[in-house]
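Coming up is one lone chain in C-alpha cells, specifically the form predicted alone.
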Amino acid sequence: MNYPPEPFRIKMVEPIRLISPEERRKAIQAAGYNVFSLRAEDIFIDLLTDSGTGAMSDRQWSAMMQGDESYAGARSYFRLAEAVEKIFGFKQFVPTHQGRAAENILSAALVKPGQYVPSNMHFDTTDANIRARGGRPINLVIDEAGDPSSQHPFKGNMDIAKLKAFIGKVGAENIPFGMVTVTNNAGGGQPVSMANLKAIAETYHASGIPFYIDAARYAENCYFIKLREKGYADKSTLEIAREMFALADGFCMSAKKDAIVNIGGLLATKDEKVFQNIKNELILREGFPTYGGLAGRDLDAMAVGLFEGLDEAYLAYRLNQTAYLGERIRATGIAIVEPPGGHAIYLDAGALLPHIPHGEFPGQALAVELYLEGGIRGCEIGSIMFAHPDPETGEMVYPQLELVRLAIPRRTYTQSHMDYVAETLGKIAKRAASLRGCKFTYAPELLRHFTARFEPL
C-alpha cells in the first residue's frame, strides 16, 4: 500500500541519533535486558508506547497558555467539562493524572476481595489495579482474538455467551462492575463493534451490573466502526462516540492516547453515590476534583486534544500509517496480529521463535534483539506482562499469545522511520532460529514488566 500523506506539517523537530552496536549492547546489559530501563537518549525509534508520546498541535500549545492554575474551580476545568459532556455525555467526572490513577480510584471505590471484574481483555494496569484490591480480572474475548491470522473485523469483541455463562457461574452479586476495553490493547489493538457493545451493555444491565468502558483509544475504535460496521459509514466519529458512551454507566480513560496529551486521564460515572466516593478517593490520592493531579494547562490541552483525536482526516492517516508498517513487516516473513489495529503492530513472537517456550519469554527475546539490531524499542505483550499463578492451584497460567507491540506515537514518525523498522525486522527474521530466551534475576509481584531484570540464557 502507499504511505498516507500526513494531514499536518512539521514546525518543530527533536534530534534523535542511532548509537553504535557496541554502545547498544552495553546499554541493554546495564538495563538488565529490560527495555523499560534504557535511557531515552539511547533509543533511535521509540515504539515502546503511544501513551503520552505523541506530538501536540499548535492549538493545544496555545490552549496551554490559557491554563488557569487556580486550586479549585479553575476555568480550565470547566472547558474540559464542556468537552467531556459534548463527546461522552457525562456530567459527573473527575480528571486524573493518567489512566492508571482512574483505574485505581475506580477499583478502590467498587472492588472488594474475592470479587470478579469481566472484560474482553484487561490491559496491564487495569489488571493490576483490580488484583491489588483483591479482585480477579477475567478476560472473555471472542475466540478469534487468539488466532493472529484471523481477519475478523472486530476481534476485540466480547464473547456474549461466555459472559452470560460467567455471570451465571459466579453470581452477579460478586461482580461489582463489568468492563470492555476499546480498542482491545492486549489483543492486538483490535476494535469492538457497536453491536457487541450494545449486547455487552444489555447483558450487564440485565443482571444489575454497572458497565464501564476503558476508553483509552475510543476514537480509533469509533473510526473502525465507521469503516467496518453496517449503518455507520455516514455517521461522524463524534456521533458514534455519543452512541457508544450512552450505553455505559461510566468510563475510565488514559488521555495520553486518543486525547493526544503528554499527561492526563478521566474517570466518569452516572451513579451519584459512586461519584461522591470517587471524589473522596481523588482528594486523598490525586488532588481536588477540579484539577485531579494536573496543572490547569494540562486540562486545557486535554480539552482541545479530545476533539483533535476524533478528527477523521487524522484518524484515516493514523490507521493507514499503522497498516503500512504492518504490510512492510509482513513482507519480511514475520507474522503479525491481523488485521492491523489502530495504534500498533503486534509481532507474533511465539510464531517467529517457536523454539523458545513461554517460561523463557520469546517476546522479551525479540524486543531485546530489536534494540540490539536497530536501536528500536518495542514492548513485550506476553508471559512477562500477563502470566500469573492461579489463585486456587498456584499453577502458572500463561497467555495464549506471545507478542511484541510496536506502538506508534501520534503525529511523530514518518515513512522513512516505518521503513527502517521493517528493514531491521527483516534482518532479525533471517537469523531468528539463533535467538535465545531469558530468565528473571528480579521481578516484583505486579506489573513486573516495568522494573524486572533479566539475563539471557
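So that there is no doubt, residue numbering starts at 1 and follows the sequence shown. Quantities reported herein were computed from a predicted structural model and do not represent experimental measurements.
Below, we turn to the form predicted together with a small molecule, even though it does not appear here.
This chain is drawn without the small molecule; in the predicted complex, the residue among L48, A63, A27, A432 with a heavy atom within 4.5 Å of it is L48. Taking F123, Y223, Y291, Y204 one by one, only a single residue has any non-hydrogen atom within 4.5 Å of the small molecule in the predicted complex, and it is F123. Proximity of Y413 to the small molecule in the predicted complex: non-hydrogen atoms within 4.5 Å are absent; the residue sits far from the partner. Taking non-hydrogen atoms only, K256 approaches the small molecule to within 4.5 angstroms in the predicted complex. For the chain shown alone, Y420 is not a contact residue for the small molecule in the predicted complex, no non-hydrogen atom being within 4.5 angstroms. Taking non-hydrogen atoms only, G99 approaches the small molecule to within 4.5 angstroms in the predicted complex. Only one segment in the set 110-118, 179-187, 269-277, 196-204 has any non-hydrogen atom within 4.5 angstroms of the small molecule in the predicted complex, and it is 179-187.
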